[in-house]
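One chain comes next, on its own, written out as structure tokens in the form predicted alone.
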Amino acid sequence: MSILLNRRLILAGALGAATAAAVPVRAVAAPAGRRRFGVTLHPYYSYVANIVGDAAEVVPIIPAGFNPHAYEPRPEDIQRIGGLDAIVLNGIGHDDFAGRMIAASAKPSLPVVESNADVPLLPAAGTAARAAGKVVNPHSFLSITNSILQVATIARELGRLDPDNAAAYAANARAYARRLRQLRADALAKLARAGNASLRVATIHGAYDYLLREFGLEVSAVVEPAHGIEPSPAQLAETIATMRKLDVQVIFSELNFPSAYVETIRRETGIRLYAFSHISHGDYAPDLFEREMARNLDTLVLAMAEAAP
């Protein structure tokens, strides 16, 4: 079964089961007639806010502060869907709750933009995630390249739903993509100076495969069986043994998710530890994705520079 087919099944199954740095192009539609587009995750708020500019309102359907991995729909959040014109979804496993919310809302036929429709996906990471039926890694937003692909898809589909503003959405998406490409280019230039492209890495959470692969790094081991699920003592011992065997040089953990076992790994192995942002915390903001990805890229450059011989 192809990854693309799996992605579509994931979305279909879920539905069935239940300030930016640049000024966006001014839109045709009057503010009073603005469309309302829903989003489920922080990166998608940033994407859509930069695409629509002042032509539409971007509405997060779950409040800031909830962990999307553990979120359970609330009546007041489901009610919010009734006021939307469309919703933009990750659609590959990170916002499965949205399908149940849409089905239970006043708009069960709400148009859905599947943002990952054109993104090449990686397999699911973590033994528990795979055992739970996860087929693909849903963290495609933690990659500059994949984010640009998603921005293009979202702009195209929102333009179809709001043709009066399609040209503005396309122009804004191109401007946003240029800024994201510059982020990647700046990081690549720094990495070229840092050297050590063969860095062997492990991650606490399986979210960062897309980001690391984009910069030529493969993940040798993932510690958590699934996001937020701490390894058992036996699993932790096995992971530490694997890291030693593979001579892992760097571990990337996750900001905002401190765990005691992470310190155990650092103490037992002596491997350097750095933290990435999952981009799922704080207030929704148009520039959040750029700020957090810039920090992630700075962290990656620092890790490679400090590990260089």
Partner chain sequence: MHHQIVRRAGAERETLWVLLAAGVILASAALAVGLRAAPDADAPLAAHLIDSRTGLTAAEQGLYADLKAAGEEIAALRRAGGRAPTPEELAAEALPPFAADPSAAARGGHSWTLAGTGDGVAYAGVSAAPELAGSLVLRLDGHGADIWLKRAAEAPPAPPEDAALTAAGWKRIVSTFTAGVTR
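A quick note: this is a predicted structure, and the numbers were derived from the prediction, not measured. Numbering follows the first chain given and starts at 1.
Not on display, but discussed next: the form predicted together with the partner chain.
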Quick one: of L110, A166, A104, L122, which gets a non-hydrogen atom within 4.5 angstroms of the partner chain in the model of the complex?
-> L122
Taking 4.5 Å between heavy atoms as the contact cutoff, choose which of D85, E230, E214, E157 touches the partner chain in the model of the complex.
-> E214
The partner chain contact at I92 in the model of the complex, heavy atom, 4.5 Å | yes
Does A185 make contact with the partner chain in the model of the complex, using a 4.5 Å heavy atom cut-off?
-> yes
Quick one: is T145 in contact with the partner chain in the model of the complex, heavy atoms, 4.5 Å cut-off?
-> yes
Is there any non-hydrogen atom of A192 lying within 4.5 Å of the partner chain in the model of the complex?
-> yes
Where does the partner chain sit in the model of the complex: which of 70-78, 158-166, 145-153, 233-241, heavy atoms within 4.5 Å?
-> 145-153
